Structures are given as C-alpha cells and as structure tokens.
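Only one chain comes next, encoded as structure tokens, the form predicted on its own.
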C-alpha cells in the first residue's frame, strides 16, 4: 500500500513555531510521504520558510512540495526554495520525482500552475501583452505538467499543484474569482497524460472533492477546507469503477 499525506495553505509565519510539529511527529505512523500543495508561508519570507522546515524536523518521511502564490509575494521564491531544499524538501516546478515505497514506486509531477478560468468562461492569449503573458504562463506550466506525467514510469502517478485543474473543487468560492483560482488547461494536461490523483490547494472556500473532465480524482487539500493537519490517501492495489476508472489502484481516503 502507498500512503500519501497531503496538505496545502498552512501559511506558516514566524509566530507559527510549534503549531504544526506535534501533528507531523505522528505522521510517519500513517503515511509514507508528505505532499504540500503550496502556500507554505504567509508572504514568502526566508524566515517563514525556515520556520516551516523547523516544523518538519521530526516528520520522518520524504516531503515533496510546490510553491503557491503566497510563497512568491516577497519575490524571494528562489531563496525560499533553497531553504526548503537544504532541509531535504523536494520542491518541484515543472519537474518530477519518484519515491520507492514498499517495493512500489510513487511518481509525482509538480507545478504551481496558474489561473485563466474554465471552459466557457476562460481567458485567451489575445489582446494586450499583459493578457498574453498571463495565459501563456499557464500554457507553459500545463505543457510541462503533461510532459512530466507522461515521463513517469511508476506504479502510481500524482499531479501536485497549487492552482485547481477542475471546477468541481471551486464550488463555494465566488464565481467571479474562479479564473484566478485555476485553469482547465491544467486539467487537460492531466487527462492527456493520465494520472491516478490530482492534489491542489489555493481555494480556501472551495470543495474538497472533484474530478477532471476525463474523470481523474481531484482533491483540494487547502487546510481551511480539510480542517485537519493533513488528508490521507491510500492506494491499496484494488479497483473500483467510480474511483480508479481503469487505473491500477483505488483511492482510499482517510481524514
């Protein structure tokens, strides 16, 4: 069995020391890996990043993360990434990694992603240069996500994002801000490449469960949504029609 703990939007500040560590100390008994779907910090300072990694000191499992929009706020994303990597956290941006777990391999393709909206209400790369830059950024990240998912030759494949690839997990958020919470291009990339699960955050007022247009499970693990230190996903090697959709495992979810 592959056991994945996932969380997003913990928004660690310099005053957060000691708040997460007690939960992470027991994570190793429940999970084989921890995935963090962005917004590790409040405003992306190096000090906040150091506080975050100090909370992980006893986690005892590999940690894989993507950055979120909060982690870019101060323009220190490279420095924040360096702090995380120095502490052993794998930070992905248009990259992939794999983790060996009990003789099976978990593959993770990660990117922050970006906005743009969804089918029938999406922006396009037409008009002002600023609009072209906005949408082309999403296009580029979606393209890299697809390439990395396709390149993963693993038993289970997970797409780790910050922005949402599907509308289903945005219900509860105001419709006016959906274009800033995700993009259908990310969902198309996942569907074209194939995956067993998509994990994202960012939508604090959204819904936990959704699917891509192609039926791949999407889970919003933003802490304000799951209201827990992390959500646990287990791939147990069984298949069910509604969850696995022809993929090698069913997603067994636990609080």
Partner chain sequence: MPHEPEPDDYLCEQVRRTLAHDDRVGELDVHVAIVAGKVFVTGSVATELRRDAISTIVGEMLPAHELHNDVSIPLMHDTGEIEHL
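Bear in mind the structure is a predicted one, so any value in this text is a computation, not a measurement. Residue numbers count along the first chain shown, from 1.
The following text describes the form predicted together with the partner chain, which does not appear among the structures shown.
Taking non-hydrogen atoms only, residue 192 never approaches the partner chain to within 4.5 angstroms in the predicted complex. At a distance threshold of 4.5 angstroms between non-hydrogen atoms, residue 28 is out of contact with the partner chain in the predicted complex. With a 4.5 Å cutoff on heavy atoms, residue 209 counts as touching the partner chain in the predicted complex. Using a 4.5 angstroms threshold between heavy atoms, residue 73 counts as touching the partner chain in the predicted complex. Using a 4.5 Å heavy atom cutoff, 16, 20 and 228 all lie near the partner chain in the predicted complex. No residues of 49 to 63 lie near the partner chain in the predicted complex, the criterion being any heavy atom within 4.5 Å.
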